[in-house]
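This document opens with one chain alone, in structure tokens, the form predicted alone.
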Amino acid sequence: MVMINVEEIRKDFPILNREINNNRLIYFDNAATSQKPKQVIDGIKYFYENINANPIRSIHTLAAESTQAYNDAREKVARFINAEPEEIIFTRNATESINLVSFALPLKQGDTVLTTYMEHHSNLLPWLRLKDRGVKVDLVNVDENDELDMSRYDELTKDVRLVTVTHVSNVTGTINDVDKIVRRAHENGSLALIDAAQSIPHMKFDVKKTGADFVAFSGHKMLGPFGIGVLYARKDAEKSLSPFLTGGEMIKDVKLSRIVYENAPALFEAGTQNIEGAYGLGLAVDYLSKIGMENIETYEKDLTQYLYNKAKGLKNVEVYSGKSRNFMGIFSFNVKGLHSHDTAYLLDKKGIAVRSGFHCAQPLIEDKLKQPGAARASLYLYNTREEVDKFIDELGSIAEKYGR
């Protein structure tokens, strides 16, 4: 089994030296956002101190360097997922990427969007909003093993214009068979969109292999800064989208009587963009690529299995994740008789950061898991077995004292 040198990696993350309530920080909220290595932090500082300028239009030295930095970041992201640079559209986050498609795709009355009960609100609300224009929204069910009812994808009808699905659930950790889902969608003549916010930071992702028309993900979940996201739009699929926003940089020529738009990706990047965010994302991609996504995935799977094995001995704890045949570093749970917010508060007292609540997936937690919320520990490449041991010990103490 290929392993990574986690102790050396941890040295790159200054925040991991912080103490919370007189305890060394154990950061288990990686599904919400990842921490940032000094290579990214220092790189953004370098950008502001040496390059800062509005790119693309101006020809002075700083603007030219800023343009180069922006273009280089696009090329890095493209290589990272095996795409072409012109297929990479920079957005604020995965949420904006999905909303871009929902606004720009000419869906009409009578069309159907097929999503799932497993989705983050970011891949549910943009489609539910379209009901106002007569678009039907159907949801694929989730079974007792936290897996999708895959038979639905064998029964697609011609009115299904778009099939959209999360690659990895942010609540259960289930890894969906997106290759098969995309293949079934295309066989039906439907477009396919993947929410890869929880997968691209943790595993090798090849857009050509998957074949999806659109893929959305966020920089801040993969060691990059906040405020930068990506929409991959396959060349042929890009042509089906109309401009999302209009303004500067996305036009070739403007007359009061005629507008000539730029080609993608500029067509979808109106106005001054988050240039330093793209630069920082490029540095994050460099960092992940140097370690190797296959190595990261292998390490995380081993650490996840260690966590679940340790959790088997816990009493008064309900676990809602890890039931699927294929899952990754998400551990969703509740202490019986204790609200998830209270559990998270008590863990924080020991320096352990976890998420609590609905995790922006209320239909899944409320309707399918029948819970008023859940606590969630989520792992990444800088977490360790020692941290898992401390987490399990503290959770066990909380469950023994407050659980019932």
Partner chain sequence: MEDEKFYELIDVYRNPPNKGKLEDFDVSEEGYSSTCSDRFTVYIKFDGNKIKKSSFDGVGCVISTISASRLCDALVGKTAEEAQSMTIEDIKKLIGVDQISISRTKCATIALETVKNALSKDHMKA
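Numbering follows the first chain given and starts at 1. Owing to the predicted nature of the structure, the values given are computational and were not obtained by experimental measurement.
If you look for the form predicted together with its partner chain, you will not find it shown, but the lines that follow are about it.
- Residues placing heavy atoms within 4.5 Å of its partner chain in the predicted bound form fall in a single listed stretch, namely 367 to 375, out of 367 to 375, 65 to 73, 22 to 30, 46 to 54.
- Its partner chain is not drawn, but in the predicted bound form it has no heavy atom within 4.5 Å of Ser58.
- Heavy atoms of Leu347 never reach within 4.5 Å of its partner chain in the predicted bound form, leaving it off the interface.
- At the 4.5 Å threshold, heavy atoms of Ile352 stay clear of its partner chain in the predicted bound form, well away from it.
- Using a 4.5 angstroms limit between non-hydrogen atoms, Gly357 touches its partner chain in the predicted bound form.
- Contacts between stretch 318 to 349 and its partner chain, counted in the predicted bound form as any heavy atom lying within 4.5 Å, involve Lys336, Gly337, Leu338, His339, His341, Asp342, Tyr345, Leu346, Lys349, listed in sequence order.
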